[in-house]
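One chain is shown next in C-alpha coordinates, namely the form predicted on its own.
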Amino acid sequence: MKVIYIEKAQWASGLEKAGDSFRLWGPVRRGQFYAFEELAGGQVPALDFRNTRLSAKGLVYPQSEKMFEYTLDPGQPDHDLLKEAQKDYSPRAVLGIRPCDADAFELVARNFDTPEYQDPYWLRAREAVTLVGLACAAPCSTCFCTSAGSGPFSTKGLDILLVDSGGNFLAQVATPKGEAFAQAAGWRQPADDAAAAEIDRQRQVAEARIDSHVATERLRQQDTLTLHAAPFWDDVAFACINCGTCTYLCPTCWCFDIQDETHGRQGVRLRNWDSCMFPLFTLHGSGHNPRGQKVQRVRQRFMHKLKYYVDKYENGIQCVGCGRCVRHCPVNIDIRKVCELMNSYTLAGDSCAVVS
(Lines give C-alpha, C1' and ligand atoms only; values in the text may rest on other atoms or scores of the structure.)
Protein backbone atom coordinates (compact mmCIF):
# COMPACT_ATOMS: atom_id res chain seq x y z
CA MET A 1 0.00 0.00 0.00
CA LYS A 2 1.41 3.39 -1.02
CA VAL A 3 2.43 5.68 1.87
CA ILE A 4 2.71 9.46 1.46
CA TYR A 5 4.43 11.91 3.80
CA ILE A 6 2.39 15.05 4.59
CA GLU A 7 3.92 17.86 6.62
CA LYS A 8 1.36 19.34 9.00
CA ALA A 9 2.59 22.80 7.98
CA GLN A 10 1.28 21.97 4.48
CA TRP A 11 -1.97 20.37 5.69
CA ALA A 12 -4.19 23.46 5.39
CA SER A 13 -2.83 24.51 2.00
CA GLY A 14 -3.32 20.97 0.68
CA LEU A 15 -6.95 20.97 1.76
CA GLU A 16 -7.43 24.37 0.14
CA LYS A 17 -6.17 22.93 -3.15
CA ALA A 18 -8.39 19.87 -2.81
CA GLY A 19 -11.33 22.21 -2.18
CA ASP A 20 -11.18 23.24 -5.84
CA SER A 21 -12.26 19.72 -6.82
CA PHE A 22 -14.06 18.40 -3.73
CA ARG A 23 -16.58 19.64 -1.21
CA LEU A 24 -14.85 19.07 2.12
CA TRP A 25 -16.49 17.75 5.29
CA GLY A 26 -14.85 17.16 8.64
CA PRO A 27 -15.34 17.13 12.40
CA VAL A 28 -16.18 20.53 13.92
CA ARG A 29 -16.43 21.11 17.66
CA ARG A 30 -19.90 22.01 18.90
CA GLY A 31 -19.83 22.46 22.67
CA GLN A 32 -18.50 19.28 24.23
CA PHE A 33 -19.17 17.20 21.12
CA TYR A 34 -17.88 17.01 17.57
CA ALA A 35 -20.01 16.75 14.44
CA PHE A 36 -19.27 16.29 10.75
CA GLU A 37 -20.05 19.50 8.90
CA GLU A 38 -19.15 21.00 5.54
CA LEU A 39 -16.00 23.07 5.91
CA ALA A 40 -15.89 26.67 4.77
CA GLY A 41 -13.05 27.92 2.60
CA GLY A 42 -9.82 27.88 4.60
CA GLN A 43 -11.39 25.97 7.49
CA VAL A 44 -9.59 22.81 8.63
CA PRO A 45 -11.20 19.86 10.44
CA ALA A 46 -10.78 19.60 14.20
CA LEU A 47 -8.77 16.41 14.60
CA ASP A 48 -8.30 16.61 18.39
CA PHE A 49 -11.25 14.33 19.07
CA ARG A 50 -11.77 10.68 19.92
CA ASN A 51 -14.95 10.26 17.91
CA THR A 52 -17.98 12.23 16.86
CA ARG A 53 -21.29 11.69 18.62
CA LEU A 54 -23.03 10.92 15.32
CA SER A 55 -21.20 8.89 12.71
CA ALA A 56 -20.63 10.15 9.17
CA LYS A 57 -23.34 7.85 7.77
CA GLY A 58 -25.66 10.85 7.40
CA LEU A 59 -23.41 12.27 4.65
CA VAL A 60 -24.35 9.31 2.44
CA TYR A 61 -27.67 8.37 4.02
CA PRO A 62 -29.23 11.64 5.31
CA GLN A 63 -31.55 11.71 8.31
CA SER A 64 -34.21 13.19 6.03
CA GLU A 65 -33.88 12.90 2.27
CA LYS A 66 -36.15 14.34 -0.41
CA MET A 67 -36.87 11.65 -3.00
CA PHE A 68 -39.64 13.09 -5.17
CA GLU A 69 -41.61 16.30 -5.64
CA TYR A 70 -45.15 16.66 -6.91
CA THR A 71 -47.94 19.13 -7.49
CA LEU A 72 -51.67 18.56 -7.17
CA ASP A 73 -52.46 21.76 -9.05
CA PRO A 74 -54.49 20.80 -12.16
CA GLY A 75 -53.22 23.95 -13.83
CA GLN A 76 -49.66 22.61 -13.89
CA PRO A 77 -48.62 20.36 -16.81
CA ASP A 78 -47.05 17.70 -14.57
CA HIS A 79 -49.76 17.61 -11.93
CA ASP A 80 -50.23 14.37 -10.00
CA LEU A 81 -46.87 13.03 -11.22
CA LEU A 82 -43.88 12.26 -9.04
CA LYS A 83 -40.71 13.96 -10.27
CA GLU A 84 -37.32 12.95 -8.89
CA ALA A 85 -35.89 15.65 -6.64
CA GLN A 86 -32.68 17.31 -7.75
CA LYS A 87 -29.61 16.25 -5.78
CA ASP A 88 -25.98 17.23 -5.59
CA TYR A 89 -23.71 14.25 -6.22
CA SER A 90 -20.60 16.30 -6.89
CA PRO A 91 -17.36 14.87 -5.44
CA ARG A 92 -16.93 15.36 -1.71
CA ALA A 93 -14.36 14.20 0.80
CA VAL A 94 -14.94 13.32 4.45
CA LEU A 95 -11.84 14.12 6.47
CA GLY A 96 -11.00 12.55 9.82
CA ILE A 97 -13.54 9.72 9.81
CA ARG A 98 -12.54 6.93 12.20
CA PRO A 99 -11.79 3.47 10.75
CA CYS A 100 -14.76 1.86 12.52
CA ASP A 101 -17.17 4.32 10.88
CA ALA A 102 -15.63 3.78 7.45
CA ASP A 103 -15.89 0.01 7.94
CA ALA A 104 -19.60 0.53 8.67
CA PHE A 105 -20.18 1.69 5.09
CA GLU A 106 -18.91 -1.67 3.84
CA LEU A 107 -21.28 -3.45 6.20
CA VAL A 108 -24.29 -1.26 5.35
CA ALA A 109 -23.71 -1.84 1.63
CA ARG A 110 -25.09 -5.34 2.18
CA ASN A 111 -28.49 -3.69 2.63
CA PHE A 112 -28.35 -0.96 -0.01
CA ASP A 113 -26.31 -2.72 -2.73
CA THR A 114 -27.37 -6.31 -3.28
CA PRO A 115 -27.71 -8.54 -6.37
CA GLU A 116 -31.49 -8.16 -6.10
CA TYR A 117 -31.74 -4.48 -5.21
CA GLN A 118 -29.58 -1.39 -5.59
CA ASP A 119 -30.68 1.72 -3.75
CA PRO A 120 -29.88 4.54 -6.24
CA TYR A 121 -29.77 7.29 -3.59
CA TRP A 122 -27.29 5.49 -1.36
CA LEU A 123 -25.17 4.21 -4.24
CA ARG A 124 -24.78 7.57 -5.98
CA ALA A 125 -24.00 9.36 -2.72
CA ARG A 126 -21.49 6.68 -1.67
CA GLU A 127 -19.74 6.82 -5.04
CA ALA A 128 -19.40 10.61 -4.72
CA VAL A 129 -17.67 10.38 -1.34
CA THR A 130 -13.95 9.91 -0.70
CA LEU A 131 -13.21 8.82 2.87
CA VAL A 132 -10.00 10.17 4.38
CA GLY A 133 -9.70 8.40 7.71
CA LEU A 134 -7.79 9.23 10.85
CA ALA A 135 -6.20 6.32 12.69
CA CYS A 136 -7.42 5.94 16.25
CA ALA A 137 -4.35 6.09 18.51
CA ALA A 138 -6.32 6.48 21.76
CA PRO A 139 -9.50 4.34 21.67
CA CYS A 140 -12.28 5.01 24.17
CA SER A 141 -12.85 2.64 27.06
CA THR A 142 -16.11 1.54 25.42
CA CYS A 143 -14.51 0.71 22.05
CA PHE A 144 -14.45 -2.97 21.08
CA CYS A 145 -13.74 -2.65 17.36
CA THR A 146 -11.17 -5.46 17.31
CA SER A 147 -13.85 -7.88 18.55
CA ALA A 148 -16.18 -6.74 15.77
CA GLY A 149 -13.79 -7.39 12.90
CA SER A 150 -12.57 -3.81 12.60
CA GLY A 151 -9.67 -2.03 14.28
CA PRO A 152 -8.21 1.39 15.15
CA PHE A 153 -5.93 1.30 12.07
CA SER A 154 -8.21 -0.65 9.72
CA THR A 155 -8.37 0.56 6.12
CA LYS A 156 -11.61 -1.26 5.24
CA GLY A 157 -13.92 1.20 3.52
CA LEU A 158 -11.28 3.95 3.53
CA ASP A 159 -9.64 5.61 0.54
CA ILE A 160 -6.85 7.14 2.64
CA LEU A 161 -5.78 6.46 6.23
CA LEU A 162 -3.94 9.26 8.02
CA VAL A 163 -1.57 8.31 10.83
CA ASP A 164 -0.42 11.14 13.08
CA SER A 165 3.33 10.99 13.48
CA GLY A 166 4.07 14.16 15.41
CA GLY A 167 4.94 16.94 12.98
CA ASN A 168 3.51 15.11 9.99
CA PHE A 169 0.93 12.66 8.76
CA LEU A 170 1.76 9.32 7.18
CA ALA A 171 -1.00 8.69 4.64
CA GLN A 172 -1.77 5.18 3.45
CA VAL A 173 -3.43 5.48 0.05
CA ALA A 174 -5.77 2.51 -0.30
CA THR A 175 -7.84 3.14 -3.45
CA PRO A 176 -7.83 5.02 -6.77
CA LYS A 177 -10.26 7.52 -5.21
CA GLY A 178 -7.71 8.11 -2.49
CA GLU A 179 -4.99 8.60 -5.09
CA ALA A 180 -7.15 11.18 -6.89
CA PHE A 181 -7.72 13.12 -3.67
CA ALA A 182 -4.03 13.05 -2.80
CA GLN A 183 -3.20 14.40 -6.26
CA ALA A 184 -5.80 17.16 -5.90
CA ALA A 185 -4.28 18.14 -2.55
CA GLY A 186 -0.75 18.09 -3.93
CA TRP A 187 0.33 15.28 -1.60
CA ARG A 188 3.01 13.55 -3.62
CA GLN A 189 6.01 13.11 -1.34
CA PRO A 190 6.60 9.36 -0.83
CA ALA A 191 7.39 8.32 2.73
CA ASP A 192 10.67 6.61 3.53
CA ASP A 193 11.10 2.91 4.27
CA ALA A 194 10.61 3.46 7.99
CA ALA A 195 7.03 4.73 7.52
CA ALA A 196 5.42 1.30 7.29
CA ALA A 197 7.23 0.18 10.43
CA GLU A 198 6.09 3.32 12.28
CA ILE A 199 2.47 2.75 11.23
CA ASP A 200 2.62 -0.88 12.35
CA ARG A 201 4.18 0.13 15.68
CA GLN A 202 1.41 2.64 16.34
CA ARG A 203 -1.21 0.09 15.31
CA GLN A 204 0.06 -2.46 17.82
CA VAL A 205 0.10 0.14 20.60
CA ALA A 206 -3.44 1.27 19.78
CA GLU A 207 -4.82 -2.27 19.64
CA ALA A 208 -3.17 -3.05 22.99
CA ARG A 209 -5.05 -0.11 24.51
CA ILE A 210 -8.41 -1.69 23.68
CA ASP A 211 -9.31 -3.52 26.87
CA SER A 212 -12.94 -4.19 25.96
CA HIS A 213 -13.39 -7.50 24.19
CA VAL A 214 -16.56 -9.36 23.27
CA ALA A 215 -16.84 -13.05 22.40
CA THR A 216 -18.90 -13.77 19.26
CA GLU A 217 -17.64 -17.18 18.15
CA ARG A 218 -20.75 -19.14 19.27
CA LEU A 219 -23.42 -16.81 17.85
CA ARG A 220 -23.52 -18.64 14.53
CA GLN A 221 -24.18 -22.05 16.09
CA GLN A 222 -26.79 -20.82 18.56
CA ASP A 223 -30.33 -21.92 17.74
CA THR A 224 -32.35 -18.89 16.70
CA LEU A 225 -35.63 -19.88 18.36
CA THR A 226 -33.86 -20.87 21.55
CA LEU A 227 -32.18 -17.47 21.77
CA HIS A 228 -35.47 -15.76 20.93
CA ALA A 229 -37.12 -17.52 23.87
CA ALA A 230 -34.24 -16.97 26.31
CA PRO A 231 -35.30 -15.72 29.75
CA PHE A 232 -32.81 -12.85 29.96
CA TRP A 233 -34.66 -10.51 27.55
CA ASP A 234 -36.95 -9.16 30.26
CA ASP A 235 -33.94 -8.14 32.31
CA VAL A 236 -32.18 -6.59 29.30
CA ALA A 237 -35.26 -4.56 28.34
CA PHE A 238 -36.33 -3.56 31.87
CA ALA A 239 -34.64 -0.13 31.88
CA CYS A 240 -35.15 0.72 28.18
CA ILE A 241 -37.22 3.83 27.50
CA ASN A 242 -37.44 3.28 23.71
CA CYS A 243 -35.77 6.63 23.01
CA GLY A 244 -34.01 5.34 19.88
CA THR A 245 -30.67 6.91 20.83
CA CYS A 246 -28.81 3.65 20.14
CA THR A 247 -30.19 3.32 16.61
CA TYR A 248 -29.67 6.94 15.60
CA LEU A 249 -26.07 6.95 16.84
CA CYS A 250 -25.25 3.57 15.32
CA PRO A 251 -23.28 3.73 12.05
CA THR A 252 -24.73 0.37 10.94
CA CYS A 253 -28.45 0.97 11.54
CA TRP A 254 -30.29 1.48 8.25
CA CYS A 255 -34.04 1.44 8.97
CA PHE A 256 -36.11 4.14 7.29
CA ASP A 257 -39.69 5.24 6.67
CA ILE A 258 -41.13 6.94 3.57
CA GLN A 259 -43.75 9.67 3.94
CA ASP A 260 -45.51 12.20 1.73
CA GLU A 261 -45.80 15.75 3.03
CA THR A 262 -48.22 18.09 1.25
CA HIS A 263 -48.63 21.80 1.86
CA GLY A 264 -51.41 23.33 -0.16
CA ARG A 265 -51.08 21.75 -3.58
CA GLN A 266 -47.33 21.14 -3.45
CA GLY A 267 -45.71 18.13 -1.88
CA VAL A 268 -42.60 16.04 -1.42
CA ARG A 269 -41.92 12.38 -0.74
CA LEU A 270 -39.30 11.96 1.97
CA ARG A 271 -37.19 9.13 3.30
CA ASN A 272 -36.51 9.54 7.03
CA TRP A 273 -34.47 7.53 9.48
CA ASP A 274 -36.65 5.26 11.58
CA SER A 275 -35.96 2.99 14.52
CA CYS A 276 -36.97 -0.52 15.48
CA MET A 277 -37.12 0.79 19.05
CA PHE A 278 -40.16 2.98 18.34
CA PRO A 279 -43.62 1.55 19.13
CA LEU A 280 -45.01 2.74 15.77
CA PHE A 281 -42.26 1.09 13.73
CA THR A 282 -44.16 -2.15 13.15
CA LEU A 283 -47.72 -0.87 13.54
CA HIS A 284 -49.90 -2.31 10.76
CA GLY A 285 -52.70 -0.43 9.04
CA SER A 286 -55.10 -2.90 10.68
CA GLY A 287 -54.02 -1.68 14.09
CA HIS A 288 -52.12 -4.88 14.88
CA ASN A 289 -48.56 -4.46 16.12
CA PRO A 290 -46.42 -7.64 16.10
CA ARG A 291 -43.87 -5.93 18.36
CA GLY A 292 -46.17 -3.91 20.56
CA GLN A 293 -44.25 -4.62 23.77
CA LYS A 294 -40.97 -3.01 24.74
CA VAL A 295 -39.22 -6.31 25.37
CA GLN A 296 -40.07 -7.44 21.84
CA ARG A 297 -38.46 -4.34 20.34
CA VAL A 298 -35.31 -4.59 22.45
CA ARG A 299 -34.96 -8.26 21.57
CA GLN A 300 -35.42 -7.48 17.87
CA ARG A 301 -32.60 -4.92 17.90
CA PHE A 302 -30.06 -7.28 19.41
CA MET A 303 -31.24 -10.38 17.57
CA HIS A 304 -30.96 -8.52 14.27
CA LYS A 305 -27.43 -7.28 14.90
CA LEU A 306 -26.05 -10.33 16.64
CA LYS A 307 -28.02 -13.30 15.27
CA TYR A 308 -30.18 -12.72 12.18
CA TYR A 309 -27.35 -10.84 10.44
CA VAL A 310 -24.86 -13.53 11.45
CA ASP A 311 -27.09 -16.27 10.08
CA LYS A 312 -27.74 -14.48 6.79
CA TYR A 313 -24.22 -13.34 5.90
CA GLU A 314 -22.06 -15.77 7.89
CA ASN A 315 -19.41 -13.07 8.17
CA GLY A 316 -19.16 -11.01 11.34
CA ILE A 317 -21.85 -9.15 13.25
CA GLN A 318 -23.86 -6.05 12.34
CA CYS A 319 -21.67 -3.90 14.55
CA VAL A 320 -18.24 -2.28 14.21
CA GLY A 321 -17.60 -1.83 17.93
CA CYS A 322 -17.58 1.99 17.97
CA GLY A 323 -19.16 1.97 21.46
CA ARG A 324 -21.50 4.93 20.85
CA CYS A 325 -24.59 3.09 22.05
CA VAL A 326 -22.73 2.12 25.23
CA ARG A 327 -21.53 5.67 25.95
CA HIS A 328 -24.79 7.47 25.23
CA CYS A 329 -27.56 5.10 26.33
CA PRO A 330 -29.41 7.08 29.04
CA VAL A 331 -30.19 3.90 31.01
CA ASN A 332 -26.84 2.11 30.54
CA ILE A 333 -27.90 -0.80 28.35
CA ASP A 334 -24.65 -2.31 27.09
CA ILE A 335 -24.50 -4.24 23.80
CA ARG A 336 -21.29 -5.93 24.98
CA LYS A 337 -23.09 -7.53 27.92
CA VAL A 338 -26.02 -8.57 25.74
CA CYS A 339 -23.65 -10.12 23.23
CA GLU A 340 -22.00 -12.10 26.03
CA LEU A 341 -25.41 -13.35 27.17
CA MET A 342 -26.33 -14.43 23.65
CA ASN A 343 -22.96 -15.96 22.85
CA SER A 344 -22.74 -17.99 26.05
CA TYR A 345 -26.40 -18.98 26.41
CA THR A 346 -27.19 -22.66 26.66
CA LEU A 347 -30.03 -24.92 27.77
CA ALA A 348 -29.20 -27.31 30.62
CA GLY A 349 -31.86 -30.00 30.58
CA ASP A 350 -35.21 -28.28 31.04
CA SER A 351 -33.67 -25.33 32.84
CA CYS A 352 -31.87 -22.32 31.40
CA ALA A 353 -28.26 -21.53 32.14
CA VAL A 354 -25.59 -19.07 31.05
CA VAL A 355 -22.09 -20.38 30.55
CA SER A 356 -19.60 -18.18 32.40
Partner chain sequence: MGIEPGRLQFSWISSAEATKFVEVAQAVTETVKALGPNTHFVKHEAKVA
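From a predicted model like this one, the values you see are computed outputs, not experimental measurements. Numbering follows the first chain given and starts at 1.
The form predicted in complex with the partner chain exists for this protein as well; it is not shown, and the discussion that follows is about that form.
Although the partner chain is omitted here, in the predicted bound form none of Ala137, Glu198 and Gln202 has a heavy atom within 4.5 Å of it.
Here the chain stands alone, but in the predicted bound form its contact with the partner chain, taken as any heavy atom within 4.5 Å, falls in 259-267 among 259-267, 97-105, 123-131, 185-193. In the predicted bound form, at least one heavy atom of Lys87 sits within 4.5 Å of the partner chain. Proximity of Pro62 to the partner chain in the predicted bound form falls within the 4.5 Å heavy atom cutoff.
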